[in-house]
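As a starting point, one isolated chain is supplied in structure tokens, in the form predicted alone.
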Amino acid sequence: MSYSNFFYQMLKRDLQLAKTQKHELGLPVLFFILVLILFPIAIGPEGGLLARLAPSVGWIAVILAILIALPRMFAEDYENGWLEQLFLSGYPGSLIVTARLVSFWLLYCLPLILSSFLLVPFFSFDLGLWWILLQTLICGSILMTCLGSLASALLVSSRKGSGVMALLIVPLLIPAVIFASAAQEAASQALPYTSPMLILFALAVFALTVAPIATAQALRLNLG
């Protein structure tokens, strides 16, 4: 089987398994929507304040929602032995991890990013500024997925790794949050926002390049 066909079969398997685990797929999105609903109720109906807070609330809600799903990225396949069989198959570990990264992003991150449109009606958020937020969330979710894959691989044999995972990932996301905020602030003032956006994109590309290799090595250590 060629590498491309193997990659496709890995994606197909993950997507098929997701159909039998719809409750797990819906939990992060449900959490995200609840945050967006409850936050305006707690703050009050002042449209200007809500609009200023919308990007920050969107980012925080996405980070917390993805953290719910990350601990299970490799845990189930590790427990049932499927992960070990994949690494014994002779295919590159980085290819196996890349397929899982893509399927995880499609199943968990993409629905959250699209759900961020709810910020427009709930927070009186400008549609043009939401488009900027959407771009930052795409880069940020890719970065978080890559960081989360490494943390998940390191803690795959631990049953109490969720709290530790948050401690590992969240500090590393601070630069991305800073550049995303800078881009959003510049766009809100009708200033050029290309520079912080390009830096955020570069962080995502760098993580996507390094994470599959590092994650594969971490998984091999846990598999012995």
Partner chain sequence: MLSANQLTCIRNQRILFDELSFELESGQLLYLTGPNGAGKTTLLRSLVGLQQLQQGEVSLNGQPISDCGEQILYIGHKPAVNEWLSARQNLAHWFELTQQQADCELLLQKVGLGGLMDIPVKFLSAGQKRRVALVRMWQSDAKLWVLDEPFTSIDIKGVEVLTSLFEKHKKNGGYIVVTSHQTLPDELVDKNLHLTYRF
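Residue numbers count along the first chain shown, from 1. Bear in mind that the values here come from a model prediction, so they are computed numbers and not experimental data.
Note that the form predicted in complex with its partner chain isn't included here; everything after this is about it.
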Would Gln16 show up as a contact with its partner chain in the predicted complex if we use heavy atoms at 4.5 Å?
yes
Closest heavy atom of Trp82 to its partner chain in the predicted complex, within 4.5 Å or not?
yes
is_contact(Asp126, its partner chain) in the predicted complex, heavy atom dist at most 4.5 Å:
no
In the predicted complex, does Phe7 have a heavy atom within 4.5 Å of its partner chain?
no
In terms of non-hydrogen atoms within 4.5 angstroms, which of the given stretches 118-126, 104-112, 82-90, 131-139 touches its partner chain in the predicted complex?
82-90
